[in-house]
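Read on for two forms of one protein chain; each stands alone as structure tokens, with the labels structure 1 and structure 2.
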Structure 1
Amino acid sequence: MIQLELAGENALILYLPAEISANNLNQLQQLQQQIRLLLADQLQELLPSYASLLIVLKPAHSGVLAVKAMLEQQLTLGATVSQQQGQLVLLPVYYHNAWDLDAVAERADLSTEQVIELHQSMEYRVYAIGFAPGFAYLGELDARLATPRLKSPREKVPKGAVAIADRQTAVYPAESPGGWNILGLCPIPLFKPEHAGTSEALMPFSVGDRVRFQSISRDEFVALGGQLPQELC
């Protein structure tokens, strides 16, 4: 079922059932194609997340309520959802207990090795990209690792931090504040603004792709171009 709400004088938000699911992911990708065709030049921004799609119209549009009524009429959910698999992206991780690895293990009543093993064992989908350029929301984490956000966010999370929150995992593309539990570091740059305007990709994944993490050593991390933060030097 598609539900549309206003999200401002020039914006609508489309909701699917509030769940993290591959079905939502596929439906949202199909809905984006429909909306691009239906709105064409009127569309300023299309921003998908887990179960929603923010639709921002250009200022000179035919009226947000008219657009809402038209979309309510025209948008359809695919009856049989094609399984779009997306490409598989491998992300190396230097797991390290300098941050929250021990605390996550203790909370889950597991060894750190088991935490690393579980984190690597799943294939995650990229459900949304946002918060910061190249920050991909990956789901779903093994339920045994589900860990709430830190009570008080860190002022500085290092670039490349591989972290978990609830049943999600992600990699911080740049140093930033953040409240997720850090398990290790990824040496691969996740946002390359220097690729703007070229045929090279700005980030290694897009929404719908699949991600797997692979444990690497400290030497491999450095060899792949990873920068160790001060606390590990």
Structure 2
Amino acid sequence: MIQLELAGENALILYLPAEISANNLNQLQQLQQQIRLLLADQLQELLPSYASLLIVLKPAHSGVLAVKAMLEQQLTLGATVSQQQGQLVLLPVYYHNAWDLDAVAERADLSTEQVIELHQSMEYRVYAIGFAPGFAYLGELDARLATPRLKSPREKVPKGAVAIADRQTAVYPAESPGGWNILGLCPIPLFKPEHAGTSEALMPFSVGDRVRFQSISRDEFVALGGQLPQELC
């Protein structure tokens, strides 16, 4: 079921049933293709999330109410949504118990080695990008690793921190505040503003892509350009 609402003079927001699922992700990708064709030069930007899609129109559009009525008539969902598979991105991780690895293991009644194995055994879809440039919301974790956010967020989370919250996982692309449970560090830059205006990608992934983590040693982390925070030096 598609629900379309006004989101300003130049924007609409489309909602699907509120759930984190691969089916929602595939349906949103299908709808984006339709909207690009239907709106053509009137479209400025599409911003997908887990179960919604923000449609931003260029200033010279035919009227937001007219666009809304047209989309409500023209947008359709296929009876069988194709299982689109984006590119697979491998991200190395130096897992370390300097932060929350031990606590996550204790909560799940697992060893730290089992937590690491479970975390890197899954293939995650990129559901949305936000919070910070290059921050991808990845789902879903093995249910045994589901862990609530920290009661009090840290004022500083190191760049590259690989973390989990509920049944999601992510990598912090830069030092920032954060309330997710940190398992380790990734040495790969996830946002390259120096690529703006060039043919090079700003980020290694897009919504719909797949991500898999791979455990590496401390020496491999450093060799790949990773910078150890003070607590690991």
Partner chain sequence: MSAFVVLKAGVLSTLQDQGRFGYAHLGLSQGGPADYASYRIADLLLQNQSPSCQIEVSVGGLSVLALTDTVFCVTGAAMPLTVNGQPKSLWHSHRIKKDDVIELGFAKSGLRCYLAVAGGFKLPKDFGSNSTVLREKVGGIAGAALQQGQFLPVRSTYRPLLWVLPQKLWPDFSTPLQLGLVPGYQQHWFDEAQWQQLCGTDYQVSALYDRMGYRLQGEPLLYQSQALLSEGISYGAVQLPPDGLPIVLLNDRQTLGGYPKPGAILARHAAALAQCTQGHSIRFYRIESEQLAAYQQEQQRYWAELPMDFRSLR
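Just so we're clear, the structure is a prediction, and the values are computed from it rather than from any experiment. Rigid core (definition): largest C-alpha set, two forms, superposition within 1.5 Å. By convention here, residues take numbers in order along the sequence of structure 1, the first being 1.
- Here the chain coming from the form predicted in complex with the partner chain is structure 1, while structure 2 comes from the other form.
- Relative to the superposed core, A7 undergoes a C-alpha shift of no less than 2 Å between the two structures.
- In the core-superposed comparison between the two structures, A196 has its Cα shifted by less than 2 Å.
- After superposition on the rigid core, displacement of the C-alpha of A174 between the two structures stays below 2 Å.
- Comparing between the two structures on a rigid core frame, one finds that S62 has its C-alpha moved by 4.6 Å.
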